[in-house]
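One chain is shown next in structure tokens, namely the form predicted alone.
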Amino acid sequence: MRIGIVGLGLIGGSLGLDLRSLGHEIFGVSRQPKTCEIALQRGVVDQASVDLLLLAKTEVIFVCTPLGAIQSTVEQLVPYLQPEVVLTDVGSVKAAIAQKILPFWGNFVPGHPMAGTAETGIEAAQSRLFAGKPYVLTPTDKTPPASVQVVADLVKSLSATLYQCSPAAHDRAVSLISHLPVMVSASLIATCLQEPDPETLLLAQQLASSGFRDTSRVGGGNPELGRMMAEYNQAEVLRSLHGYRQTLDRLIDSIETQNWSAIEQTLRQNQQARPQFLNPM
């Protein structure tokens, strides 16, 4: 199969490595000529270019650009595409993207691979990044079933765990386990930076260890990605943040009233519930 990838970063590059290893012919497009060179050198793609015209003869195209660039990318792609070409994306928000893309291309299967690393760029691309990880497809009632099947088969070939739901259901769930953690983690770092005593702040930075590293990791990631999560999934991110604020208010009340048993009970419930949110690798 001739597969196009627009955006040769961590996700796009990793898709190229895996799909090419499975025998597909991969055509990659990047804004940066240097990225194209690296993609060719690393065997991520068979052909690479800064020109979308390269994708004119592909059968499936993965749009792996940032959320804010997906619509403009599709608009630029459309003049080069045959009607049967299947488009899919890898954005972390699905309802807003589906609403924007469907008027331009009905043969669109919204997708979201739940995989990644702390590194970015073509240099970070790796084989089997998606193996054993959730990969969600969120077709609408207008999405051709045959197109969904094409993308689903490709996802399964990556050894990813395929899920399918509506765009709205995806965005609500992901706001809880992906977007909310980014906002909370960022707020944790911001709270530390508000410490008025320079000596205390310096000591905190020196003493920070694995606990702080783990809880602050996603908040210290790509600022553009975090902003796009809030912008494109605004309603659900706000809903999750309001719920989190209510939980914090209850915790504050328990500490102020010295209700230590309530705190322990909450922590015990969390200890029991946490494994349900951890996918076995």
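Here the structure is a predicted model, which is why all the values come from computation and not from measurement. The numbering used is simple: start at 1 and walk along the sequence shown.
Omitted here: the form predicted in complex with a further copy of the same chain. The next part is about that form.
Not displayed here, a further copy of the same chain is approached by Ala190 to within 4.5 Å at the level of heavy atoms in the model of the complex.
When a further copy of the same chain is considered in the model of the complex, Met183 lines it closely, a heavy atom lying within 4.5 Å.
Among heavy atoms of Lys94, none comes within 4.5 Å of a further copy of the same chain in the model of the complex. Under a 4.5 angstroms non-hydrogen atom cutoff, a further copy of the same chain in the model of the complex has Pro134 among its neighbouring residues. Just one of His242, Arg42, Arg31, Lys57 comes within 4.5 Å of a further copy of the same chain in the model of the complex, counting any heavy atom, and that one is His242. Residue-level contacts in the model of the complex: of Ile38, Ala69, Leu52, Ala230, one residue has a heavy atom within 4.5 Å of a further copy of the same chain, and it is Ala230. Stretch-level contact analysis of 59 to 67, 209 to 217, 42 to 50, 22 to 30 against a further copy of the same chain in the model of the complex, using heavy atoms and a 4.5 Å limit, identifies 209 to 217.
Shown without its partner, the chain has Ile263, Glu264, Thr266, Leu267, Arg268, Gln269, Asn270, Gln271, Ala273, Arg274, Gln276, Phe277 in segment 262 to 277 as residues with a non-hydrogen atom within 4.5 angstroms of a further copy of the same chain in the model of the complex.
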